[in-house]
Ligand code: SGN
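Only one chain is included here, represented as structure tokens and corresponding to the form predicted alone.
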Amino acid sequence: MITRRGFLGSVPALPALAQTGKRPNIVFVFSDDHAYQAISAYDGRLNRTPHIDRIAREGVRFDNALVTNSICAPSRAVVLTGKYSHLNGVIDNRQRFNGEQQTFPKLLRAAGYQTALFGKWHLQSQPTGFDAWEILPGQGSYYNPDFITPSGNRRRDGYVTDVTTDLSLDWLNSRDKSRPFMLMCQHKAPHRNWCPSPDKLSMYEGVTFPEPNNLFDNYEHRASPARKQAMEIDRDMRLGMDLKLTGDAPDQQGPVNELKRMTDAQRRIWEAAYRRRNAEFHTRKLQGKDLVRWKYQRYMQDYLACISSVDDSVGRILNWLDATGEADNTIVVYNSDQGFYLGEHGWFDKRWIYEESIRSPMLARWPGVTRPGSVAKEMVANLDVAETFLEAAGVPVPADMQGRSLAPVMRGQTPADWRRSFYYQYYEGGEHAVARHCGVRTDRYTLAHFYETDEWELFDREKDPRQMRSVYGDAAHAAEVKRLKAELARLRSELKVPEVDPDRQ
């Protein structure tokens, strides 16, 4: 049920614009690794994101927006197809997306929409179903990035978030104004290695961020994968490449690839921003927990500065919609391809079924449909994006898509049969040494199965929101374990999940 902040009760039905005869435009802004904790509409302890917050203020904030597979390429394939990884063919970052398959941009384009995509793609193949596109090769670069275009590769001067926004706005200004449009503005930021723009490099200098209270987690009371991962700020975050430290040691050469791409002017601004802070680090000779704390603070300074540029981008797009009179007939969705760890459990990165990883930010504004300032508690997912846009445009949703349109949830009329459990599966296994696992998440519990070692975890998030202690073996939870295992089996059957992972068949 959607409730207004500080107000309990259902929201009266509002008419969908798709039913008025004028099809809405669609703007989908997609960031990379943006933790919901780093959006002030969700949690104001770290930073301020006024433009992203504006979407929540004028629309709906989804508090249980989930991902099916918390890693970059699979999440993007899910958004495009409305299907789980085992069906769309992208189970990890190694697969090439089959562009011949059905996607929502193709269906919208066939229905008369103009479609465009700019920024991060990360699916190896070239985009299909778009009238215009320019994409970053692979992960792309923060400074003076290369772009793949339909006519070849080209380097564009500037900072990647700004360039991606420029390309998006240029296309909006040049499109056929007699037809509805669908734009996907997809940012690289704030993906590792968190290189801020020249005007944001010193944004958080001198700011001390609150540490998560499990920054020094010892991984007791959980299955072995939690201890065996390689994503700890302590031992796995690199001083030079990640944290911009410069010095004589081999691991203190800064983010070499980005430094090589900078102009002389950009390099001077960069060096001036980090010089004093890096010199201070060398004099302190930190060790142990003090070093971890320093790493965490530097990580937050850079990560949140990258997000500030993304927030600026959202502001530019919202302002364009206002200035052109398109705002009242445009759906705007802000989403990230997955959640991200900001020191919780001592980690960075994503991949797990645990909350900070499986939960992504999702905020939407649909004038005439979403009630301003509303909050949706229902479990929604990246799996639902395609279906939502198709229904909004009046295009039939294919029966083989596995998500559901969010339109009724956005109207405050959640169907009685809305999902009460959610299936998750992570396949990669190698990067960051996160073990393959699947599981089920409900409004209260998370059951995880690390199936290669046959280890299980159960978390009662109501009593243990930080997910510090698995209660899988506790007799008091035996009935819940039995119920959730049955639900896991049911979901796997319903979703046609193969018994053997696709890359192991």
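From 1 onward, residues are counted along the sequence shown. Treat the numbers as computed from the prediction; the structure is a model and nothing was measured.
Just so it is clear, the following notes concern the form predicted in complex with this ligand, a form of the same protein that is not shown.
- None of 188-196, 213-221, 393-401, 151-159 except one has non-hydrogen atoms within 4.5 angstroms of this ligand in the predicted complex; the exception is 188-196.
- The closest heavy atom approach of R261 to this ligand in the predicted complex falls outside 4.5 Å.
- Contact annotation for R238: at least one heavy atom lies within 4.5 Å of this ligand in the predicted complex.
- This ligand in the predicted complex is not approached by D384, whose heavy atoms all lie more than 4.5 angstroms from it.
- Among heavy atoms of S357, none comes within 4.5 Å of this ligand in the predicted complex.
- Every residue in the set Q139, D349 and H432 has a non-hydrogen atom no more than 4.5 Å from this ligand in the predicted complex.
- With the partner omitted from this view, the residue of N93, Q126, T246, S202 that lies near this ligand in the predicted complex is N93 [heavy atom within 4.5 Å].
- Between this ligand and the residues I135, M184, L304, I71, the one pair within 4.5 Å by heavy atoms in the predicted complex involves I71.
- In the predicted complex, D32, D33 are the residues of 25-42 with at least one heavy atom within 4.5 Å of this ligand, listed from first to last.
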